[in-house]
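Take a look at this single chain, the form predicted on its own, given in structure tokens.
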């Protein structure tokens, strides 16, 4: 007889409400100590159910209508804020599930709108919590992953780029914990490459302090991985057409040229190749300032020998053509009179 009276499955909206109610209790610290473990098990179960609605499971694919219901209910009230605040109180599996839920919700459209973007615009201070998460070893990877997903929204990326927290990334990228440093580097790259117009505006407005930090803390870092990632990202930024104004300014600096020439002399071939992609912009600049031209002339024979020996592991016709052009440009340079 029991089978006839099975309880009706909960709707996605109901699961969100049950999750939210428990999150409120944990956030306010109103859960009695004797009930704490039981309530946490219950909360973890609801979070797992939310994940199943959004991602499906081994038995069923996610249903679009259920995902829409869940998304609408989730952003109606402060469920995201509660989840972010309570994340440190969850067990590891629930944290992983919560991180995946937040990631998925950034992509969910309701009537062709990303309502996560609208919510975050109204609650942009949540990004401060996520950014400072890198300072907490236990939370860094969860908050970092959430932050990267939220950066998909241009309004969020703009806020993060313009916040004081951005300067901390130069430290986060070099944290001794490799996983956290790598995660911070991935977020930093996402910030500086995803939204072209926002990045171009940021680099133009913040050129001086940003590249002073970038050069001294990343390109001249004593850490090999930091230097390798930084020179690769620098190339990605400067070779992007939307950053042409920044690139033009960058290649007119003798300090920048000195750093790139040092990177060209690295023992690591990977760094040499990445440095070449930036160095070629200095060489190809048809309006070289006299001091740049004269540095290249003074180092002509060394540069030609270095470039002549520089080869990629696999055949790369574009690289070979670029290298030949740069060598020709350097070989033909004559000293310029300083203005």
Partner chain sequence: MAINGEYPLDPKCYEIVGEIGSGVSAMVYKAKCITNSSIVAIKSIDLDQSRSDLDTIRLETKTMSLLSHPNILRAHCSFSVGRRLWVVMPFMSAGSLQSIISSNFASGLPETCIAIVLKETLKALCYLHDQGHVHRDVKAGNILVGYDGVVKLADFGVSAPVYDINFDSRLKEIAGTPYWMAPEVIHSHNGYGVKADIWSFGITALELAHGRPPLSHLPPSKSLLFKITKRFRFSDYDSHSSNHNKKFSKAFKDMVGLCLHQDPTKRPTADKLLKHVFFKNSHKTCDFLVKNLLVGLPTVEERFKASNKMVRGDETGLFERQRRVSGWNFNFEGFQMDPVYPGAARLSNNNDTNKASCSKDKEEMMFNSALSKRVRFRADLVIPCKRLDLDVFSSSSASPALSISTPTEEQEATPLGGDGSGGVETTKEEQLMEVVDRLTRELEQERRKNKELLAEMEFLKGVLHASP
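Numbering follows the first chain given and starts at 1. Owing to the predicted nature of the structure, the values given are computational and were not obtained by experimental measurement.
One more form of this protein exists, namely the form predicted together with its partner chain; it is left out here, but the text below deals with it.
- Candidate site formed by 26, 35 and 82: none of these residues places a non-hydrogen atom within 4.5 angstroms of its partner chain in the predicted bound form.
- Contact annotation: residue 243 falls outside 4.5 Å of its partner chain in the predicted bound form, judged by heavy atom distances.
- Shown alone here, residue 161 lies farther than 4.5 Å from its partner chain in the predicted bound form, counting heavy atoms only.
- Proximity of residue 249 to its partner chain in the predicted bound form: non-hydrogen atoms within 4.5 Å are absent; the residue sits far from the partner.
- Although the partner is absent here, residue 186 lies within 4.5 Å of its partner chain in the predicted bound form, judged by heavy atoms.
- Shown without its partner, this chain lists 171, 255, 93, 121 as candidates; in the predicted bound form, only 93 has a non-hydrogen atom within 4.5 angstroms of its partner chain.
- Out of the listed residues 268, 204, 136, 197, 268 is the one that sits within 4.5 Å of its partner chain in the predicted bound form by at least one heavy atom.
- Residues placing heavy atoms within 4.5 Å of its partner chain in the predicted bound form fall in a single listed stretch, namely 227 to 235, out of 227 to 235, 153 to 161, 205 to 213, 123 to 131.
- Contact residues in stretch 300 to 333 (any heavy atom within 4.5 Å of its partner chain, taken in the predicted bound form) are absent; none meets the cut-off.
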